[in-house]
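A lone chain, given as structure tokens: the form predicted on its own.
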């Protein structure tokens, strides 16, 4: 008998990330045998086409993990916290896209381009996927760190509304509708708030014609959870527990595609041209850097694509050891579904039954 391909469960198959995951499973190399789509009871019974076959979504329950080798979780933190251990106890490797286990010392935080070897080190049977903002940025930072030795990171993020789920996308579109055609909007204080009204969705202020310097929940000393995630996760993925990181996370009226302006300080001097060449050859990175021709990495171009798009690469004017660059990527793909799928693909050969 030949190799039997491992069985996969996708938990949260009908959500924003789960939907992208189903598309990826249809378009990437097929390493899976049976695929089970799992969601909350209210989504159960839906039909989704994966790899050309129509699959019926089943409700989340302990028995859905019977005989499953890998379970990909695209669900909120509290659902993962409860159910990933259930999947692991049933013998599956749980690959979790939520924040529930990222900082657990017994759970590896894996980015296949950077630390694939960590996927084997999973005492709890769980592997975590990084936050979408960290992921896009870290794929570009890791090769530079290997060459020059990273010391400090200062990051300003420009985060798309899809980072707060489908409700974020719907909120932006609703507000665009309310603002359309009114050419006086934004010309005086209060008129955007007036036009939008009280329906702010998941945001603390109107998102249309605005940028909101807030993403996530409030943590100590005025930092947001998104900002502390960038610091904690960058340290863990790169294996640099003392890395100095300062982040400011900003929500912008972009549908999909998180961007970051990065100031990275290294242990040795850097040349912009050498760094650009290094990034051109880095896995999962595409360099778009020709300001004279108006070519920059932007979310409207990166959406729906896999790589991290990097540009505006320049050496800091006041520090020969520092680089400044701009990076953007699809927060639902590399930032979420794609990285989770890639981790699953790392595991598949190990779990195939010969």
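Positions refer to the first chain, counted from 1. For clarity, every value in this text was computed on a predicted model and none was experimentally measured.
Another form exists, predicted in complex with another copy of the chain; not displayed. Remarks below refer to it.
The partner is not drawn, yet in the model of the complex one stretch among 240 to 248, 69 to 77, 101 to 109, 133 to 141 has residues with heavy atoms inside 4.5 Å of another copy of the chain: 240 to 248. Taking the partner from elsewhere, every residue among 209, 254 and 299 has a non-hydrogen atom within 4.5 angstroms of another copy of the chain in the model of the complex. Note on the partner interface in the model of the complex: the residue among 82, 152, 271, 277 having a heavy atom within 4.5 angstroms of another copy of the chain is 152. Listed residues 282, 261, 119, 90 were compared with another copy of the chain in the model of the complex; 261 is the one with a heavy atom within 4.5 Å. In the model of the complex, another copy of the chain sits within 4.5 Å of a heavy atom belonging to residue 303. Though the partner is left out of this view, residue 158 does reach within 4.5 Å of another copy of the chain in the model of the complex, counting heavy atoms only. Contact annotation for residue 40: none of its heavy atoms lies within 4.5 Å of another copy of the chain in the model of the complex.
In the model of the complex, another copy of the chain stays beyond 4.5 Å of every heavy atom belonging to residue 34. If you take 197 to 227 and check each residue for a heavy atom within 4.5 Å of another copy of the chain in the model of the complex, you get 204, 205, 206, 208, 209, 210, 211, 212, 213, 214, 218, 221, 222, 223, 224, 227, in sequence order.
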